[in-house]
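Each of two forms of one protein chain follows alone as structure tokens, named structure 1 and structure 2.
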Structure 1
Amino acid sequence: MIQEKVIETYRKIFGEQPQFLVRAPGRANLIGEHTDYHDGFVMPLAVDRAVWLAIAPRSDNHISVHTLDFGNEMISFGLDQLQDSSLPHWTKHVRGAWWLVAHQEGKQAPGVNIVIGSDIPMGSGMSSSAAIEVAMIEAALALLGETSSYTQAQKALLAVEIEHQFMGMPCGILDQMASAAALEGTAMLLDCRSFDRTPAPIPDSVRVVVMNTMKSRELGDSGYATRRRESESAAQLLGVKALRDATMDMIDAKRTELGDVRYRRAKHVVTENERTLQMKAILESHDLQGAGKLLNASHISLRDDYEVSVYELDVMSEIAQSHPACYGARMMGGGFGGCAVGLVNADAIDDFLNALQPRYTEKTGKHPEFYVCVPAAGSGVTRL
């Protein structure tokens, strides 16, 4: 297991027992796509794959980090080098956490020895970067003896600020909140305006399957920026703070003024918010067929109204939807490549995967990867 390897590597490299073991999971987003930056609703879940840290304080002002994921690389730097851009990019999340805790919270975390390991597949769409940010916030607070002084939601928001303040990336809160504050066995209905969170049960009889199309997101950044600009322009024309405040009646009334593109962008956000809110009630009633219909409708909306799907995502979703073990599937994430997500009968997982792979490869020439997940708890720290 990865956590055992992290502890063993720590002992081998640093010649001592680590003091804390930190875990922060990756995530999948069941439904609620391109709604977060419109103050809307999303439904992520933490997955049973995580970033693990073995840590102990040092007696000097240095951070020594060994990663199992980037060629077993080892790097050391001083606490006065947190903003040194010449250091490897993968250390940014480490440096950002220590910088933020000092800069925003006024607390100087000590020097530290760290070994990092992860079983979140890179590029899988399961937010390994958010997990490492949450893990580093957990680590810094543990070393300060402040673990219980912050709620899990507050830790998530600190991790978001690493992106905003240290890395200059205007990300939303979905990934970090799921990694830090998820409850085992549930998805999280998250209000991106108020940060209110409500658990929605995922039955033991299903698995969440993340399906990597192996299509790189070549147009991801530019396409995302364009969609955000178009949809925010629609909100402005509708006279609302964010599309979360719009209704289909409002959009239909201004269809001519919006024009075709802005109309469809706004339609997706409004209907996707409705689907996400409906999903909670449907999961609580254990209506898996109804949940699947919402996933399928979400994919159609992302494909036709928001126009962020691509051929590979359409093929993967359609093949998954056609399998009798799959309740529903859709593209997941920003789009233009990446992963799809589906709800699949747990008893038929092997048959589902065995049927999906050859059909997808035949149609696309690409060899997909599949990650079968169950909803896990959010981040935490164990004293060793």
Structure 2
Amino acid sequence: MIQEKVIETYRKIFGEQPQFLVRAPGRANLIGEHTDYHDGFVMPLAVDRAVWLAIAPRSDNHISVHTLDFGNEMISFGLDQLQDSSLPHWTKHVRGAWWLVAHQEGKQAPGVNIVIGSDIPMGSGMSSSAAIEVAMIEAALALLGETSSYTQAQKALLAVEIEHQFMGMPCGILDQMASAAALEGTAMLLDCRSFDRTPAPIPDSVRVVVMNTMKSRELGDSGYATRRRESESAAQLLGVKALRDATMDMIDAKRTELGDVRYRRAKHVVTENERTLQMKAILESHDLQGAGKLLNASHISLRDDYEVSVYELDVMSEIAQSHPACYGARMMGGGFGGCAVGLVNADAIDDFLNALQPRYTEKTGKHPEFYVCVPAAGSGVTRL
């Protein structure tokens, strides 16, 4: 178990007991893609894979962090070096958390010893980065004795700021909110404007299956930023605060002024919000065929209107959709690589995975990985 390894490594390296164990999970997103930064609706669940931290305060002003990933590297730096860009990239998550808690919240978290371990596949689109950010915010607040003075949503919003201010990625709130505030045993409908969360229970007879294409998301960040600009410019032209407030009638009325690209970007967001709201009602009525149709329609919209899919995601989604045990499937997350997600008959999971693997490899030359999701709770801290 990764958490035991993290604790054991902490004892070995620092020669003392850690004081807290922090857990922040990765996420899947059933539907509601590229809608979060338009104040829209998303339907994530946390997966049973997580980032784990063993931590204890230090009496000096240093942060010593040891990661079980990145070749077991260990780095130490002072609290006055939080913005020192000569430090390795992976330290940005820690530095960002300590910096934000100090500068945005006015609270100086102490020096700390940290061991990090994770079993979320990195760069796969299951939000390993968001999970580290949420874990670091939980860590800084735990050391300050402020764990319960912040709501999980407030912690998520601080974690989003690490991404914006330290990683340079203009993401929305989906990943960090899922990691910090997911509901155990269920997906949730999250309103990205009000932060309201309501359970969207997955019927027992199906599983949410995440399918990793093993195509890395190299161009993902720049493609993401471009899509965000294009669609925000559409919102501006439509005269709405965010595309959440637009309707198909409004977009159709301004089709010429919007031009083809902005028209399609806005159309995706409006229709995806509708699909996400419908999904909740459809899951509640156990209409799995209906749920599958929404997933398939979401894929077409992401592929043709938002243009964030790639060959591997199309192939994976199409093969999955064509299997009799699969109700529907689509690309998941930011796109340009990473994972697809599908709803699959729980009694035929092995059949489904065995059939998918060779067909996907034959078409792409890549060896996919699959995760059958067990919806986990959001992040938390345990005193050891």
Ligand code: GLA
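Please read these numbers as outputs of a predicted model, since none were measured by experiment. Take the two forms, superpose them, and find the largest set of C-alpha atoms that agree within 1.5 Å; that set is the rigid core. Sequence positions of structure 1, starting at 1, serve as the residue numbers.
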Structure identified as the form predicted together with the named molecule: 2
Flag for Lys92, CA shift 2 Å or larger between structure 1 and structure 2 after aligning core: no
Residue shift check between structure 1 and structure 2, rigid core fit, Asp60 Cα at least 2 Å: no
Per-residue C-alpha change between structure 1 and structure 2, Gly239, threshold 2 Å, rigid core fit: yes
Rigid-core-fitted C-alpha displacement of Glu257 between structure 1 and structure 2 (angstrom): 4.5
Core-fitted comparison between structure 1 and structure 2 - CA shift at Tyr306, Å: 2.4
